[in-house]
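As structure tokens, one chain now follows by itself in the form predicted alone.
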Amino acid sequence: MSKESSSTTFSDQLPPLKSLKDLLDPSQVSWEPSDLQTYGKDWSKHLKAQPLALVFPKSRQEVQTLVRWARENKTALVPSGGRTGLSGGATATQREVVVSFEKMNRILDFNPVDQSVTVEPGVITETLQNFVREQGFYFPVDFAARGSSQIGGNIATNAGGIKVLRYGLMRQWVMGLEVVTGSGEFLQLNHGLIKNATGYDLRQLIVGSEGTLALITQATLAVTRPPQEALVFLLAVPELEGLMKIYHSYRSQLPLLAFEMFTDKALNHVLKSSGLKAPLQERAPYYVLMELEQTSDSVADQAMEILSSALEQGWMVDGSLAQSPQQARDFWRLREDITEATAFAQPYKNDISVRISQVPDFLRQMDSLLTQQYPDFEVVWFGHIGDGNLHINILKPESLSPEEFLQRCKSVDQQLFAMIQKFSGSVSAEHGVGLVKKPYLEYSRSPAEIQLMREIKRAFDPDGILNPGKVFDP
């Protein structure tokens, strides 16, 4: 299907919408303008939502019915979870029907022997975390949007977050999936097995596919034992080189749970918006937020020894170990509140990654490029530096219109992504491709890879009705 024919089919030939209410209870269908605007887009700022209708299935059978209706009526479907993504992957821009999974929000089963939990896709991440904790276990995929993101969306984007260093990405915790493909076929993938050497693992194809291959209707997830009490450190670092020296010193000797960084510019915005006090006596251009698991009584002593050595060698100029759970939470707020603290400036965001060992070289080159290209813009960056992932936020000056600001930012993207390509990095580390990063996919994926992805898409979704136009064009 060509791009042009797809546009004509999905945008110009509107389906008989009344038949939607014949498929579902009337309360499960809406085309109220306020609902369409709320559910028709994710957190990406520069895309206009234009959904045709909104539906709320409550079961796998209803999802199958919707897909078959969509095929028959040549209508595109956009799956919608918590809509916390930043790449437009859950934004309906071409008169699609939005499929919200918020009513499929049950925790279906917990098995302490298998150490697994089975859920519907609309379960909120934090709800799952709390449920598992009550059973004496731990679900480690964690990030600032835990209170609104949904499990289906986490799987569809292969969510990362603040504990990737210790526990890996979402795909490491997906034991089994039930999905409905674009042809309306129901698949049960992997059945929660740990070992299964029977051909292609289609479950892992669905993880990270951004709703372009199938709609997730159920997931079986692994859980683990809770970590031991954590030690939370905040360190002030004067030079980029010190970041990785500190990282290597701790990672090579102690059980590191998280290693996050942010700049002094980011800290200023959080302090201003939150009312928190400056956490350290000495200020520095960079800060490290580090969490260690106290697996033995010696961890704290070893951690302090490394801290003293880092101070002596000038890798850091100040540091503090949280002395209470509240202080630990305040330290984490300095990192997790950056997005909210900078939202007033309508930031233009990039979410990128390189190999951990390349972070210092990449940061120097990136900082030089952004300083040169944005001399009159404030650039705030932070990241999960322990896994090579950086978030770049370019703040809009009051003097520029959103249109002018967007144009200037996009003019630099190709230079930034060409730099990432030289490092064999990723133009999207954890927010997916969606619509925003689609023009730049070639900087991280070869033409052969993209063509194979198109062929996989056609095998799962022969009519191209699932989230069309996302990740790549037909």
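Note that this is a predicted model, so its numbers are computed, not measured. Residue numbers run from 1 along the displayed sequence.
Although not depicted, the form predicted in complex with a small molecule is the subject of the following passage.
- Stretch 379-387 is the answer when you ask which of 239-247, 111-119, 300-308, 379-387 has residues with heavy atoms within 4.5 Å of the small molecule in the model of the complex.
- Shown here without its partner, the chain carries 335, 349 and 391, all of which come within 4.5 Å of the small molecule in the model of the complex through at least one heavy atom.
- The listed set 212, 149, 263, 339 contains one residue whose heavy atoms approach the small molecule in the model of the complex to within 4.5 Å, identified as 339.
- A heavy atom within 4.5 Å of the small molecule in the model of the complex is found for one listed residue only; from 257, 86, 270, 289, this is 86.
- Using a 4.5 Å cutoff between non-hydrogen atoms, residue 430 counts as a contact of the small molecule in the model of the complex.
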